[in-house]
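Before any questions on binding or motion, here is one chain by itself as structure tokens, the form predicted alone.
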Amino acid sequence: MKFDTVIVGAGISGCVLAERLANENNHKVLIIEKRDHIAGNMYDYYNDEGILIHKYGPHFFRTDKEEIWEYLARFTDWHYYEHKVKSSVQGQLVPFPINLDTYNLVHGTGLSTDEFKVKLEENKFTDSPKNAEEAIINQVGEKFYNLFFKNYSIKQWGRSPKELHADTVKRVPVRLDREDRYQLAKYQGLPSKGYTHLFKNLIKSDNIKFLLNTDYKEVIDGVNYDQLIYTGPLDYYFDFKFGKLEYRSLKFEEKTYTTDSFQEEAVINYPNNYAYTRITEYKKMTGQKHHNTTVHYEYPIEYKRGESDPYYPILNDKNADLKDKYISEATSLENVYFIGRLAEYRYYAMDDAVEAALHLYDTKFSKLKS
């Protein structure tokens, strides 16, 4: 069979592009996925207890872009949910990201918003932090760096924040008021029937075929196609010719408890105690009603190809140089397109990943005719 497009990877980038090409361009699309399921790291399923959990850790969707929310709404109804996180420090649970209440609870004070703002401004010592440690201290001061970030970062990344690029923590927000939502986006929620159901709807087309449990390199020579969209690891495409890009990985310990509720919020961070970094209770995100509850204990681990999954690119000078070499090589190829967190070796929020896929379609494919 002849395919117009082969897409490597059945995550959000690949499936959005498959949907657009199949439905708008009438392309014959083949998706090749190495895992045994679609939906990438957003994959969810019902465990033996009948509780919906996210296999690769908690994912809640948020965006300020109406067009992104409405695009996905074609394929799912939404369960509206505003994510809140607490952090366990000094024997108490406090709001995270750091806000006015966090400061007052930790210090036993009663600062006003204006007074808190002054305290934060006192921490700033540079406009160009050299590493993640300096970037965090610049935002919240040394005490809060030590309480909330230092040990968490060492667990998460397997190295000192001094060894990480400042961009590693650029997503860490600080609130001057008592706002305790993790994100302030206009649209927030989860697919009402789960992410996997959403993905099934995305690729529900007679024009789309897919292979699971398949390494694309084992079959691609036997496939007749015009163009390739690649969402897998950037270095793997080029057979690691310049060296291997570094990642951190995760493992999850799943436990089900015979209680309706296990903890105060869906996610509790543990920056200092224990080997895990956080506990997620999924019912509090999905809104599911069940007499039991399932939680994940999340442990950062070293990434080993073939043994674990690549989650987070490690931002340092060595990997930045390698990435530039691979990206330069990638841009020289014809009819091959690299997109997504692995193929671009960068962090993508889910809405940004959808937007990038739609942008690639609009700029490269929307005027193509089958």
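We number the residues from 1 along the sequence you see. These figures come from a predicted structure and were not determined experimentally.
Note that the form predicted in complex with a small molecule isn't included here; everything after this is about it.
Relative to the small molecule in the model of the complex, residues Trp78, Thr196 and Lys251 are all farther than 4.5 Å at every heavy atom. Stretch 209-217 is the answer when you ask which of 239-247, 209-217, 288-296, 253-261 has residues with heavy atoms within 4.5 Å of the small molecule in the model of the complex. None of the heavy atoms of Tyr361 is located within 4.5 Å of the small molecule in the model of the complex.
Interface residue remark: Leu30 is not counted as part of the site for the small molecule in the model of the complex, having no heavy atom within 4.5 Å. Contact annotation for Arg62: at least one heavy atom lies within 4.5 Å of the small molecule in the model of the complex. Using a 4.5 angstroms threshold between heavy atoms, Ala353 counts as touching the small molecule in the model of the complex.
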